[in-house]
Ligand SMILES: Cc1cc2nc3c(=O)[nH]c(=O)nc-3n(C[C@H](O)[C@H](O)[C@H](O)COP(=O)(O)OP(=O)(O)OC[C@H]3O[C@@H](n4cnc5c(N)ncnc54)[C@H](O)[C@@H]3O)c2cc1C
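Just one chain is shown here, as C-alpha cells, and it is the form predicted on its own.
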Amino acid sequence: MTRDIFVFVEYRDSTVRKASLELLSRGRQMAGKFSSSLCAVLMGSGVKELAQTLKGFADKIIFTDSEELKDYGWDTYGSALEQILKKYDPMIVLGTSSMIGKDLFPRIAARMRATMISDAVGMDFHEEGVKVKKPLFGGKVVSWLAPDAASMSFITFRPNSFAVETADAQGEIMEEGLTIEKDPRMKTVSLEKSGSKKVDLQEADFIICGGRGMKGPEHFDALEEIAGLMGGRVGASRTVVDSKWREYDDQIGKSGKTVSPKLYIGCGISGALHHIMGMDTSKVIVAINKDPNAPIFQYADYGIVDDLFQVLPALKEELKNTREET
C-alpha cells in the first residue's frame, strides 16, 4: 500500500512560513513520483482558518486545534504529532530545520524508532525512495543519505533549499480531535515574544553579517541600512553576540541559526568553522576582510580584501543610486 508524504507546517503571526511552503512544493514532486498523497500537518490554537490557506498546496490538510497548543512545547506538540503519525503511518515526514524542527523532530523520531536526518539542503529520487543531501564539516564534505523506504523517516531541511511552487490542488480539510498530554514535570514560568517586524533570519534572501571586525555595536547601523535597502536581515557571529553587540536572534552558526540566503555578505568575519557551518549553503557568498589570509575567503564566491569601513559606505551609496534609478 502506498504511504503518504507528510509536511509539518510552521507558522508565525497567523502566516505560514515560507520554508514550510517550500517543503510542500518539494513534497508535491515527491508525492507525484511515488503516487502518494501529500498531507500538510498543522497544529496550534485557532488555526482552522489558517488550514484553509493550505488547500492549494496539499491533498489533505490535517489540523488539530487546542488551547494546549497555543504556544510551542515539546511535550504538547510531541503528544499531538505522535498521535497523528501513529494513525496515518506516513512514509516520510518533512520539516524545517528551525528551532522547533530541531527540538521536536529528533524526539518524535526516537519515540517512533524511525530514521532521522537533520539540516539537509537537497533531495533527489531513485527507484526505491529518496536520496537526501546533507553538508558536513562546514560544507567541506557533502553526503548523500538514502533512508530505508520501508520504515518511517524524519527529515529537516534548511530554509531556502527549494523554490515555492503553487499547485492546483483542492486539499481536503481534516480536523483531528486529540487528547493533548502535557508533561507534569515541566511548566512555563514566563513567555516573552519579540515585537520585531524584521524579516525572519532563516528565511531572508539577503543577509549581511558582521563579525568582530565591526569593532563595536555602533557600527552595525551601517549594516542595518544596507539590509533595509535590500529587504534583508543583519546577522552576527558568535563573538559579536557573546560581546553583547547583538541579540542572540541574529547569531548565525552551529550554536545559532542555519541560513541559506541567495546572497550572504560577511563583514569582518574570520570564517571560523562553527560560523561557516551555519551559512555554507548560501547561494552566493561575498567576504569583506582586510586580512587576505582569513579562512572565509576559502568559502567565498567573491572576496574583497580591504577596510570594511571604506567598502560599506561605497556599497550603501551604490545601492541607493540603483534604487533611485529603478
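Heads up: residue numbers just count along the shown sequence, starting at 1. Model, not experiment: these values are computed from the prediction. The term rigid core refers to the maximal set of C-alpha atoms that superpose within 1.5 Å between the two forms.
Absent from the display: the form predicted together with the ligand. The rest refers to it.
Student: Just to be sure I understand the contacts: of 111, 212, 182, 87, which is the one whose heavy atoms reach within 4.5 angstroms of the ligand in the model of the complex?
Tutor: Residue within 4.5 Å of the partner: 212.
Student: Quick one: of 294, 30, 47, 300, which gets a non-hydrogen atom within 4.5 angstroms of the ligand in the model of the complex?
Tutor: Selected residue: 294.
Student: If we take heavy atoms and a 4.5 Å cut-off, which stretch out of 37-45, 286-294, 51-59, 66-74 is in contact with the ligand in the model of the complex?
Tutor: Residues of 286-294 come within 4.5 Å of the partner.
Student: Any of the heavy atoms of residue 269 lying within 4.5 Å of the ligand in the model of the complex?
Tutor: Residue 269 belongs to the contact set for the ligand.
Student: Given that the partner is absent here, does residue 274 sit within 4.5 Å of the ligand in the model of the complex, heavy atoms only?
Tutor: Yes.
Student: Report whether the minimum heavy atom distance between residue 307 and the ligand in the model of the complex is within 4.5 Å.
Tutor: The answer is yes: residue 307 has a heavy atom within 4.5 Å of the ligand.
Student: Is residue 254 near the ligand? Define near as a heavy atom within 4.5 Å, in the model of the complex.
Tutor: Contact check for residue 254: yes, within 4.5 Å of the ligand in the model of the complex.
Student: Quick one: name the residues from 215-246 with any non-hydrogen atom within 4.5 angstroms of the ligand in the model of the complex.
Tutor: Residues within 4.5 Å: 215, 237, 238, 239.
Student: Residue 268: after superposing the rigid core, is there a C-alpha shift of 2 Å or more between this form and the one not shown?
Tutor: Yes, shifts by 2 Å or more.
Student: Look at residue 240 and decide if its Cα position differs by 2 Å or more between this form and the one not shown after superposing on the rigid core.
Tutor: Superposed on the core, residue 240 moves its C-alpha 2 Å or more between this form and the one not shown.
Student: Determine whether the C-alpha of residue 309 shifts by 2 Å or more between this form and the one not shown once the rigid core is superposed.
Tutor: Yes, because once the rigid core is superposed, the C-alpha of residue 309 moves 2 Å or more between this form and the one not shown.
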